[in-house]
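Read the single chain below, which is given as structure tokens and is the form predicted on its own.
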């Protein structure tokens, strides 16, 4: 009967967690989903404390208070710009918890007996948790700017990754055969080599592949937690960990599909080419061609007509456009310009124009980054359109407003081979009649690949702080 009660409680908590995850599908219900998922996790903690005799209850309470306080502080202080790095860091903390718990249970099991399934699960939780920790720290460092975001390739990097994986498995097998001091040494060795594996895997990933890494680390953290649940004999932890692992795996598949990537190539593949193969030279802007005279001398040329003021040209585009698509990117998050983007879009809609938002699957630094930013600015979710849905329409669009995006609208992805984004599907903004780019500068995006869109004849560059640029553009439209 107690087992039945436990099973019913566990099933109810998992069901509540599923309800919360289901509510994440829409910005209108996402807040409720967050509360539901948080309630499920709080109930899970409470049930674990009630079911087991807890020693050092004061220490447990202090740890809960400290962890909850730090989490609350992070939630209050962290900006949307820092959210991707924080998510990666949280995955790492899940990995730490997994390998610490696995280490303790493996040591206890060696003294009091442990089933073969429990031992295998403990070793898996130990290795995956340690690798998740180091990989997540590297990812967080890249996302927050403490490390260079570009991929770093070691000599024979793919082979090194495979060898490290094999070494982790070999040490884990040896660990399962030992007790006492030898067990402790092998446990430490397994953790250290697994930490090295996480570093080797994560440093070779950068640029547009970062969302794949984040979603993959989400999956591995879930797997580590599920294996911990097996060694602890906790059906609840197994279910919650498996849920996270499944969702992270599905998201990883979706991210790879969106970028036309093979997951084995992302994590084990070699560089497609060197920088010299794909570095694009910026074409000259507004420079006339000089004709050569018959005598070999260059005749004097008439000075070219001064180009139109970019802002005035952008204002004219906005005034005459009837169909507009807004493409947000990470630079919008940096400038915290989502409010100004929505204000401008709403003003144009008030004028009877048709405005929508095109969201690339890997825009930003993690899956759904732009969706969250725009939802925060109260954008109607029906106005957000996916890449496959909107790409066929760009040829008929009067104006595309690119705000802080580069790689996701970079035509080099489909026209230049050997770049970090080659083969990645993009939003085909370059096919529109006119394009306005609101970026801080003309530098390449996260991938490091220069964007030929910036020099297209139908593109107007409005360089500088996007928040100020968009505010000025909105005010000028209202005054016109």
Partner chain sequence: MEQLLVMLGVFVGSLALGYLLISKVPQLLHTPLMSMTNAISAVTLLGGLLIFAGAGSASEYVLGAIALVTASFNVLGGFAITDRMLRFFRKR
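Positions refer to the first chain, counted from 1. The shown structure was predicted, so the numbers you read here are calculated from the model rather than taken from an experiment. Basically, rigid core = biggest C-alpha set you can superpose within 1.5 Å across the two forms.
The form predicted in complex with the partner chain is left out here; the points below concern that form.
*Asks:* State yes or no: in the model of the complex, is some non-hydrogen atom of residue 311 no more than 4.5 angstroms from a non-hydrogen atom of the partner chain?
*Replies:* Judged by the heavy-atom cut-off of 4.5 Å, residue 311 is well away from the partner chain in the model of the complex.
*Asks:* Give a yes/no on whether residue 416 approaches the partner chain to within 4.5 Å in the model of the complex, heavy atoms considered.
*Replies:* No, residue 416 stays farther than 4.5 Å from the partner chain in the model of the complex.
*Asks:* Mark residue 33 yes when one of its heavy atoms lies within 4.5 Å of a heavy atom of the partner chain in the model of the complex, and no otherwise.
*Replies:* Yes.
*Asks:* Using a 4.5 angstroms cut-off on non-hydrogen atoms, would residue 394 count as touching the partner chain in the model of the complex?
*Replies:* Looking in the model of the complex, residue contacts with the partner chain do not include residue 394, since no heavy atom lies within 4.5 Å.
*Asks:* For the three residues 48, 245 and 382, verify that every one has a non-hydrogen atom within 4.5 Å of the partner chain in the model of the complex; reply yes or no.
*Replies:* Yes.
*Asks:* Of the options 234, 340, 356, 164, which one has a non-hydrogen atom that comes within 4.5 Å of the partner chain in the model of the complex?
*Replies:* Spelling it out, the residue with a heavy atom inside the cut-off is 234.
*Asks:* Looking at 115, 351, 336, 176, which is the one with a non-hydrogen atom within 4.5 Å of the partner chain in the model of the complex?
*Replies:* Result of the distance check: 115.
*Asks:* Which of 327 to 335, 222 to 230, 259 to 267, 193 to 201 has heavy atoms within 4.5 Å of the partner chain in the model of the complex?
*Replies:* That would be 222 to 230.
*Asks:* Taking the partner chain in the model of the complex, which residues along 352 to 374 bring a heavy atom to within 4.5 Å of it?
*Replies:* Stretch hits, in order: 361, 366, 367, 368, 369, 371, 372.
*Asks:* If you line up the core, does residue 176 shift 2 angstroms or more at its C-alpha between the shown form and the other one?
*Replies:* No, because once the rigid core is superposed, the C-alpha of residue 176 moves less than 2 Å between the shown form and the other one.
*Asks:* Superpose the two forms on their rigid core, then report whether the C-alpha of residue 338 is displaced by 2 angstroms or more between the shown form and the other one.
*Replies:* It does, since the residue 338 C-alpha is displaced 2 Å or more between the shown form and the other one after the core fit.
*Asks:* Superposing on the rigid core, is the CA of residue 258 displaced by 2 Å or more between the shown form and the other one?
*Replies:* The answer is no; the displacement is under 2 Å.
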